[in-house]
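Taking the form predicted alone, here's one chain by itself in structure tokens.
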Amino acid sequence: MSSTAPRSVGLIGWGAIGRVVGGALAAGEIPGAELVCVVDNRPLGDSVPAPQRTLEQALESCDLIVEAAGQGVVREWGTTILASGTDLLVASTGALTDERLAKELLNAGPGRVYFTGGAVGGLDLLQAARAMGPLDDVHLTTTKLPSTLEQPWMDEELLGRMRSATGPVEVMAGTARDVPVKFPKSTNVAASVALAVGDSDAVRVSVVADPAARHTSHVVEASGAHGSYRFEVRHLPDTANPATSQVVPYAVLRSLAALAGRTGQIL
């Protein structure tokens, strides 16, 4: 987009991610993008820097919607947004482990769907390596504080082990298709790695609870015929929502800057 036609952005969600993204947009920190409205299912009053609108109203005035409210929004509204001709930037990539939904979003239009890598790096290199041939061994280990990983489906035995742990405890092992469903607010990284690799079932995921985990960590290890790769990231959790890392809204803002046409950056 040219500087004379800024992206008109509607933001869904005013939580830990949305507040940072919305604040930066309202302050003019993303050249070529302006915050037009905020969509949330709670009355926000004067706490937001743009008018609060319904999604239907947002689609009438925005050419780009930023999802910062969870996987449920992507499932419920993703295809509707794209069918309206509005582009969609997805932060909750965990929703894309649903193959049917992923195909619907990728095939919908005329709006375009984009995904942010969020709290993990190296996805561009994994995509490049995959173009040379399949990656035959991909493993992700995510480590977080036990309290951020507790889920309604957990039995008392597992909850007890997590709450009384004095060291790391593996709470689930599975594939990138299985794990984000069980941890919808904590394992979007697994889905992001799967999108880069091109196969959710090929990515093995280990979720670890560690009471000493001052940082949230993600370790990605991958290998194939053309090379081997290892990436490790360690983030401070967001103070308002420890299930997400502080860096995530800034990854969303970086993606927004790219969509708004900012030049001179790594893609």
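The first residue of the sequence shown is number 1, and the count goes up from there. What you see is a predicted model, and the numbers here were worked out from it, not measured in a lab.
Keep in mind that the form predicted together with a small molecule is missing from the display, and what follows is about it.
This chain lacks the partner; the member of Val21, Val248, Leu256, Val9 within 4.5 angstroms of the small molecule in the predicted bound form by a non-hydrogen atom is Val248. Taking a 4.5 Å heavy atom cutoff to the small molecule in the predicted bound form, the contact residue among Leu126, Leu89, Val171, Ala119 is Ala119.
Here the chain stands by itself, but in the predicted bound form one stretch of 161-169, 126-134, 97-105, 185-193, 185-193, has heavy atoms within 4.5 Å of the small molecule.
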